[in-house]
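Shown next as structure tokens: one chain only, the form predicted alone.
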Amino acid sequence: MSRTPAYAAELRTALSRAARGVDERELTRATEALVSRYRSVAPASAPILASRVHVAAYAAYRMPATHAALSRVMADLADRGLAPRSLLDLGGGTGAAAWAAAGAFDSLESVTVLDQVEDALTLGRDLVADAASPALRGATFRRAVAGAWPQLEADLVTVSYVLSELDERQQDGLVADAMRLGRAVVVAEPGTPDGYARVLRVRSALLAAGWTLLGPCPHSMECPLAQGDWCHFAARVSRSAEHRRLKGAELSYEDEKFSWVAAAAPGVLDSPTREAISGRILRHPLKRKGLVEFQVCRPDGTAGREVVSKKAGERYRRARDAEWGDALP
């Protein structure tokens, strides 16, 4: 059973505690600088988290959304039968992927987060110091740079919201490193057209290496979406008072849009009992009296409309509860 809601609340508490020692005006200015940078699609010429204040701003402004997106991804993979004992997060900063994995996988025993920014690693250590999860409390936060990662191996390697900071050659190198170090790999990017374009490049590299897709795609053929469309999903994020203040927002929540791909190396999940999903829900379902209408990506490589009527009985009841991004009941 997923412990994501409890871990999200625990993370919010840790983030609020971490923000108390930072000057409010400096935090606001650093947040504005981060917002401007994240809206750019150009590779970064220097580390985005350039100071302790920038790290604190990232943690308060971006980490809850990154955690929410990755929590949806990890929960989906847990449903697919993935049960990693070890996690390696490349470019993981303050540890959002580690928190998401701990909430999804009861099997998780060890966590290692690698990043080039020491201030981010320091904050990551502080955030997990009182975590309920033994894997989180014992997590290793270690300084390392892309292209010179230590020779560590893990059941699951994550690369989340990192590729946009790199040029294509660096992106390809990072993905190759993830595949070399992990038995399964998750890559997540912002749910924008350019973010999805990066995810598609990763998907192609995984398939070319003979890896098995775990999600979100229910097939390994070319993406069937029409020109100008892109595959992305949403995760609901509960905003703390600090989060609302930094964003100048009034609502107590926001929806984080993201794209992702996950795959396993040959032989990792080749169980004959593991079933393929019947389709991936690509938009918010339309619920009408006696039926639910979906836009889905199908196992045969096509995408389009699916309707589940009340006559379907139990399938209809499950369809009423299905959400954008879920597997089609």
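Since the model is a prediction, treat every value here as computed from it, not as a measurement. The numbering used is simple: start at 1 and walk along the sequence shown.
Omitted here: the form predicted together with a small molecule. The next part is about that form.
Within 4.5 Å of any heavy atom of the small molecule in the predicted complex lies no heavy atom of residue 132. Taking the partner from elsewhere, residue 91 is found to have a heavy atom lying within 4.5 Å of the small molecule in the predicted complex. Looking at residue 294, you'd find every heavy atom of it more than 4.5 angstroms from the small molecule in the predicted complex. When the small molecule is considered in the predicted complex, residue 87 lies well away from it, no heavy atom lying within 4.5 Å.
This chain lacks the partner; the member of 105, 196, 161, 211 within 4.5 angstroms of the small molecule in the predicted complex by a non-hydrogen atom is 161. When the small molecule is considered in the predicted complex, only one residue from 144, 200, 152, 179 comes within 4.5 Å through any heavy atom, namely 144. Using a 4.5 Å heavy atom cutoff, none of 10, 101 and 256 lies near the small molecule in the predicted complex.
Listed stretches are 132 to 140, 79 to 87, 162 to 170, 213 to 221; the contact stretch with the small molecule in the predicted complex is 162 to 170, by a heavy atom cutoff of 4.5 Å.
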